[in-house]
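A single chain, nothing else alongside it, follows as structure tokens in the form predicted alone.
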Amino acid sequence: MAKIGFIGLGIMGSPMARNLMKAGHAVVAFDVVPALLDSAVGAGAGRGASCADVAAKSEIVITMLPDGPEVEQAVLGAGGVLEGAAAGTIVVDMSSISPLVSQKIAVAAAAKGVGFLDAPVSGGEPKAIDATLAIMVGGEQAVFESVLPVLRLLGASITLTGPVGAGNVTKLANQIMVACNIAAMGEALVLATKAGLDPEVVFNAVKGGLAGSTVLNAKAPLVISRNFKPGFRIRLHQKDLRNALLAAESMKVALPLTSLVQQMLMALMNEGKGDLDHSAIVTFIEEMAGVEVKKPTGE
């Protein structure tokens, strides 16, 4: 059993840390939000006093944070992971951040003899809870193989996609496909609802054909039931698409659909919807059509 540090105990990080503890690993946790840390300690984790303290007590340190600046602060900042980590420690950043930030952190880690992987995930809260996340990893083969048994406790699909940064490029590609899929689903169901059809009937009719997808199966029922409780928040998906567009700009790649959906997400954030589930992208299209995607009245 490995000694594992876990930093970042939000919607995704909390169930991930609990799954490691269920498997018998000793987990030392830390979060800047005291209530989140208290909850993890109540579930059996050791209490870390800081990121550096967590690293000093761990062989593997996992970070699961909102964006690149938070990861940089947690790993490179004062009281950060690299202050406490001994040579031979491995840091696995499972946040979704810019690949350029991942590469910067990897260089600093290597200078201290610390291994580093970027390993963002897909699947949202449900798959974090049942440990069936898709994990996209960037880094050295030997480092990847050394932590693979731990990653298998968190995900059903774990793929080494290339060197450090490749994991986050893969995650950005994933986020583009998910966001555009939700937006297209929204347009389709808004059209059907405006035409007087039951959107649930339409969903059931198309899900077994070429239009069927994991995104459709997961998100259409939430929209139809008007359940926008966050599994993955709009503001975080907006952040991912922003990072995708910045990476694309640096490589002179045009992403017109991504840009459009990112603007939808920004507009929804300005309406105060940033903490809703990303399935609420549909509400942007609903507002333009003056209709809500839901079962007809009386059903």
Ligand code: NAD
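Residue numbers run from 1 along the displayed sequence. Rigid core here is just the name for the largest C-alpha set that superposes within 1.5 Å across the two forms. Since we're looking at a predicted model, the values are computed, not measured.
The protein also exists as the form predicted together with the ligand; that form is not presented, and the subsequent description refers to it.
Here the chain is shown alone; which of L257, V32, M269, V253 has a heavy atom within 4.5 Å of the ligand in the predicted bound form? None of the other options qualify; the answer is V32.
The ligand in the predicted bound form: contacted by all of S102, G139 and A247, heavy atom 4.5 Å: Zero of three within 4.5 Å in the predicted bound form.
For the interface check, one of 209-217, 109-117, 180-188, 67-75 should have non-hydrogen atoms within 4.5 Å of the ligand in the predicted bound form; which one? Result of the contact check: 67-75.
Partner contact for I60 in the predicted bound form: the ligand, 4.5 angstroms, heavy atom: I60 lies outside the contact set for the ligand.
Any chance A26 has a heavy atom within 4.5 Å of the ligand in the predicted bound form? No.
Is G274 close enough to the ligand in the predicted bound form to count, meaning some heavy atom within 4.5 Å? No, G274 is distant from the partner.
Are any of the heavy atoms in G124 no more than 4.5 Å from a heavy atom of the ligand in the predicted bound form? Although the ligand is absent here, G124 would touch it in the predicted bound form, with heavy atoms inside 4.5 Å.
Residues in 220-252 with any heavy atom within 4.5 Å of the ligand in the predicted bound form: Heavy-atom contacts to the ligand in the predicted bound form: G231, F232, L236, K239, D240.
Threshold 2 Å Cα movement between the shown form and the other one for K219, core superposed: Indeed, K219 is displaced by 2 Å or more.
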